[in-house]
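Read the single chain below, which is given as structure tokens and is the form predicted alone.
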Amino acid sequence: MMAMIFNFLIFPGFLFAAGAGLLATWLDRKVTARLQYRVGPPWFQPLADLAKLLGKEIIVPEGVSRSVFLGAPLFGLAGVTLVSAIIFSPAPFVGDLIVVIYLLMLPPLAVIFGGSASRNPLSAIGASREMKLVLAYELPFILALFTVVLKTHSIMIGEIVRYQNLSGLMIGSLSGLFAFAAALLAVQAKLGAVPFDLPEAEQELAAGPLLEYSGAPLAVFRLTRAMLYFVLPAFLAVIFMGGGLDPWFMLKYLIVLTLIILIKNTNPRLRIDHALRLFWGPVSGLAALAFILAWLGK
């Protein structure tokens, strides 16, 4: 029992993912600033921003369901913490990849629940966009992951890593490379990063689903987003590049994170209908092609 609590709260769960995620968001902000010829924030800025939010007053809009409004942030935080604990666990269990897919749905569902409960028109629009985006990117994301399952004949993360250690990295094959590209775009949308930052689009919706949030609940949402900046790229590195416990893991993680940052800084925000067409069209087509190639043994 103590080992389970340690794994969830300390390593590789909450504290580990939170610290790594905050550093990842700092790296994102620093690289973005340098690309725009700015200095960028110091390394502790994400932590300072979080501490500042934790010290602010919590305001609950009149007439909202307090349990849903205040519980939604914790719902998402629990999901991303469990994913971190699972993908880095030294003792994977049967079906853990399926469990991870389900748990990765909790952060966007938390945003949808929170925005819908806010009784604010802009929050409702943001929650609606988040819902449409989830329906768009989940199809290619699952197809990409099941391409890996088809190639390895396993839904256990440990077995997928072991297969790559023996047979080469997943992205070393044509089907694996196509599946990785589709999954990377889906992860970009899961992070709510440009060009898929439609739910929170500042110029249109202020903060979208999070508009009515303040203080500690907003800090929890921001922390969840920061943890996703570590967990999602790390998940792709584990599934497509061969493991989270090998000496090269940090390099693999940084490669995926760099690709995410480059996509973010070289593309304009898409309209919601364009994002839906992109995921249901070319990205799903690419993931389906990867699945077919894997079935053919390519």
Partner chain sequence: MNILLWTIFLPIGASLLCFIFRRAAGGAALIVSAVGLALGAKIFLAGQLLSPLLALRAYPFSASLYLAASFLTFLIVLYSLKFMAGKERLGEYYGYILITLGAAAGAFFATDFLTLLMFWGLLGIPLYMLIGLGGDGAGGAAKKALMIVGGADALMIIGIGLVWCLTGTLRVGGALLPLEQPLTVIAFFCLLAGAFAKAGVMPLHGWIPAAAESAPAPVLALLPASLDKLLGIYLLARLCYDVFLVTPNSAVSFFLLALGSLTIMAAVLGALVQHDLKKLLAFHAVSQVGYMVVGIGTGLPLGVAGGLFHMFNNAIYKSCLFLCGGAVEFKNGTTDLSKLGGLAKTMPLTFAAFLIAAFSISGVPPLNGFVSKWLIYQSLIELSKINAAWIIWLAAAMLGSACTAASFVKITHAVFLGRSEAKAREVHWTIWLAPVTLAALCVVFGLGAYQLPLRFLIAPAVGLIGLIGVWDPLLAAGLILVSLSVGLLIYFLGNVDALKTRPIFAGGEELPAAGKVSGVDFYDTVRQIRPLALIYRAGEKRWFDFYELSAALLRWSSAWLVRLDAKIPGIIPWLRRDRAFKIKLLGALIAAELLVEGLLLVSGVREILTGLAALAMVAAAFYLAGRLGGSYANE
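Everything numeric in this text was worked out from a predicted model, so none of it was measured. Residue numbers count along the first chain shown, from 1.
Beyond what is shown, the protein has a form predicted in complex with its partner chain; the following relates to that form.
- Only one of the listed residues (Pro268, Pro42, Pro247, Gly55) places a non-hydrogen atom within 4.5 angstroms of its partner chain in the predicted complex, and that residue is Gly55.
- For the residues Leu191, Ile171, Ala181, Leu106, the 4.5 Å heavy atom test against its partner chain in the predicted complex is passed only by Leu106.
- Remark: of stretches 160-168, 108-116, 194-202, 181-189, the one touching its partner chain in the predicted complex is 108-116 (heavy atom within 4.5 Å).
- For the candidate spot formed by Leu70, Glu138 and Ile272, every residue has a non-hydrogen atom within 4.5 angstroms of its partner chain in the predicted complex.
- In the predicted complex, at least one heavy atom of Phe14 sits within 4.5 Å of a heavy atom of its partner chain.
- Although the partner is absent here, Leu9 lies within 4.5 Å of its partner chain in the predicted complex, judged by heavy atoms.
- In the predicted complex, its partner chain sits within 4.5 Å of a heavy atom belonging to Phe75.
- Among residues of the shown chain, Ile87 is not one whose heavy atoms approach its partner chain to within 4.5 Å in the predicted complex.
- Residues of 265-290 placing a heavy atom within 4.5 Å of its partner chain in the predicted complex, in sequence order: Ile272, Asp273, Leu276, Arg277, Trp280.
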